[in-house]
Every structure is written in C-alpha cells, then in structure tokens.
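Before any questions on binding or motion, here is one chain by itself as structure tokens, the form predicted alone.
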Amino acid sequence: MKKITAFIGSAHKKNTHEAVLQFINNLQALGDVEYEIVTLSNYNLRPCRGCRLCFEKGEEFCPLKDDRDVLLEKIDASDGVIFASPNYSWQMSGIMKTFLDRLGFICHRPRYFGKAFTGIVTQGFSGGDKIVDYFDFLANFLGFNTVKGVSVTALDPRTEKDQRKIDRALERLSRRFYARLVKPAYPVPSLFMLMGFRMGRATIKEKLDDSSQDYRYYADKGWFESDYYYSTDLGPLKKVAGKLFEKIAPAIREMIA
C-alpha cells in the first residue's frame, strides 16, 4: 500500500480538485494506493516574516504558531506528494505560495528523500508550464524524487476536445508517477542534483560554523564526508564531477552574486 497526499491551493472544489481526483483514480487503477486531499485554505497558515530563525536556530524557533507542522507531518507520512494549484494571474495561488515559503528551511536542510513528487496546474489560458517548472525545481531541493508535472488547460464549460486532452495528460502523468512510486526509493542522483549537494555543502563549510543549524544538520547527517545525501554508487564519472563541483563552488557564487 502506498500513501499519497495532495496539497491543493484552491478553496473551490472544482477544476483543480477534479484534476487531482482524476489523477488519483488513475493511480488506484494501477496499484494499491490510498490518499488524502489537503485543501490548504482549511488550515491556519500564516505568511513567512523572513526572520530567518528557522535557518539560523531551527524550525522549532519559528514565531508563527500555526498549522505548518501539521502539514509537514502529512508529508512525512506519505510515500508520494502532489502540489496542485490553479493558475491565478500567471502564478500559483497565494495560499500555495504561502505554504511553499514556509518550507524554505527544508531547501537548506532537505529531508524528503525516497518520496515521489509531482505537480498539477489547472488554467483557463496560459502560463501554467512555468508554475509546473517551479514546483519541480523546488521539489528537487526538498529531496523528492520528482516526476515532471503537467499543466491542463480548459475554459468553462469544457469542450469534449479539451476534456480528452486533460484525460490524456493526467493518464500519462499517473503512469509516470506510479512507475516512480514503485521504483527503488533512493536512485543514483542526476548531475544537477549532485551539483546542488556538493556546491551547497561547500558553501556551508566555508560560510558557517556550528553556531548555525544548517551546519549542525549537515554534521549530524554525516554529509560533510559523504558522496551524496544518502548512500549511493555514483560511479567514476560522477565521483570526479562531484569533486569538480565542490572546487568551483566559490567561483560560481561570485558569478551569480
């Protein structure tokens, strides 16, 4: 049995909820899947203040006492996660962005290794692909095994042609997501993910010390000595690439500063 949790950034139980339900029904036709749909607007979730306490001291020092940890517990209990949002003004909904902002400390201290992820965006016109790309990019840095999401487009009322396009897109996504869900949980990382780990580690080593929660987290996990976040066989090419990424990290930081 696999547990899937969908976090939806829409209070209206229409297009986005319907797309997520259709996706989950497709998954259940492929295998033994249970699910929970989390409508973010039903939870007390306050905007990040940018105080950086979660970065510097730890997430438990966040001054916002709301439902953030309730939502994080739902991710912890899941084998697969979906972020779904309507396209509002060519961007995700405000409540979805608030939720993702509150995950910022996990980008510094990733933890969702072994969990599958995908994103679903619904829209009437255009721009949703950029939101999907952002979901995918963020999920990688949270530690998920990311399956590229989809943006589905239709005006109300939907035409039969639009519905067929949505059906095909969600069916393809469900097959790809289910395949990732049942594969080994800890794949060999891509060069991009390896680069993120090695360059991030180099920055923490250079810029921080054990007064920082980020530094302590890496030390506690043994990441200052490891090839990657988890045990994996990189192979000779990626071993060399990993050393190179770490060596050039200072120069890259200077270029993008």
Ligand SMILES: Cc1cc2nc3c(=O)[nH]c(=O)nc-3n(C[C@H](O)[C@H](O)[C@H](O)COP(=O)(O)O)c2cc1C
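The structure displayed is predicted, hence computed values, not measured ones. The first residue of the shown sequence is 1; numbering continues from there.
Not on display, but discussed next: the form predicted together with the named molecule.
Only one of 87, 174, 78, 145 lies close to the named molecule in the predicted bound form, with a heavy atom inside 4.5 Å, and it is 87. Just one listed stretch, out of 70-78, 89-97, 102-110, 165-173, contacts the named molecule in the predicted bound form at the 4.5 Å heavy atom level, and that stretch is 89-97. When contacts are judged by a 4.5 Å heavy atom cut-off, residue 159 does not count as touching the named molecule in the predicted bound form. By the criterion of a heavy atom within 4.5 Å, residue 124 is counted among the residues contacting the named molecule in the predicted bound form.
Contact between residue 154 and the named molecule in the predicted bound form is found at the 4.5 Å heavy atom cutoff. At least one heavy atom of residue 15 is located within 4.5 Å of the named molecule in the predicted bound form.
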